[in-house]
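Presented below, as structure tokens, is a lone chain in the form predicted alone.
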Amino acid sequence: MELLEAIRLRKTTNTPFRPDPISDEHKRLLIEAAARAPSHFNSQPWRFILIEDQTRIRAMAHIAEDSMRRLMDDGSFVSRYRRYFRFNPKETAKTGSGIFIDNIPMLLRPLVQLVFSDRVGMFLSKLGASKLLGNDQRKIIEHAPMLLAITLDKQEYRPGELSGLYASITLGAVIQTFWLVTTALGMGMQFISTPLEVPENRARVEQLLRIPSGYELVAIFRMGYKDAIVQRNTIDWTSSQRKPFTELVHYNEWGTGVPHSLASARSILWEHSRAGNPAETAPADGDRRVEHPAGASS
């Protein structure tokens, strides 16, 4: 797969993977490709943990389930991420960002905006939304062929200092490399954030993976080969929409739009996309296209 095609096709995989184990060649390729990411003074502050032990994966799945339930029941998940939720195609198209919650049980559908509002509290438990989300988290993680944890050397990763900023920049380059390589290999990946958002569960994960005190656990992903025929999660969303080129870029100074010649230049990224695939159709400026793939993407 060519680079531009991998960029076009890159998506987060919210749905289950095939049960096939990831080949050793592909695992090595993932790490060696990520190691090519730039880092400040070639410091290479990252270390990776490939997790295929089923006992540890199941333990991580239950920690993630518990984390999601807690975050939903106490309202912290909603209060933290409410501004990213979209509830209909019109709202999604207008913003060109966030996640469009388009797959939800009939019981919750009439109340979706209330469920994902600041007035959440015990209402979520009564409706079973936190239980559904927690169960989905557990199931997709415990059946993943592999989890990948990323750590950063605390000598480099110092939040609030320049070295911390530079370590965060290289972390982004590493993660994007993983995403593009998995795409090229017919694999998928998903960020598993909830266990790291509950302090005691974060500590449980660090202990489970035996991470030394000199390294900071910064991200966990699940990985596997994509399944062409798979059911979506009970509560699911899509997020393929992107803001138009002219909204994303300023020219020479903040607030000055790009020249007409630049705004109307051909899109090299999208002009060779495969015909008939709406997920690869370039959105025109002013048209925030909303896609509805089989699984959510971001």
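Given the structure is predicted, the values throughout are model-derived calculations rather than measurements. Start at 1 with the first residue shown and count on from there.
Missing here is the form predicted together with a small molecule; even so, the following discussion is about that form.
Proximity of Ser193 to the small molecule in the model of the complex: non-hydrogen atoms within 4.5 Å are present. When contacts are judged by a 4.5 Å heavy atom cut-off, Arg10 counts as touching the small molecule in the model of the complex.
The small molecule is not drawn, but in the model of the complex it has no heavy atom within 4.5 Å of Arg70. Although the partner is absent here, Arg56 sits far enough away that none of its heavy atoms falls within 4.5 Å of the small molecule in the model of the complex. Residues within 4.5 angstroms of the small molecule in the model of the complex, judged by any non-hydrogen atom, belong to 236-244 and to none of the other stretches in 47-55, 236-244, 31-39, 251-259. The contact residue chosen from Ala149, Ile99, Leu133, Met146 relative to the small molecule in the model of the complex is Ile99, the criterion being a non-hydrogen atom within 4.5 angstroms.
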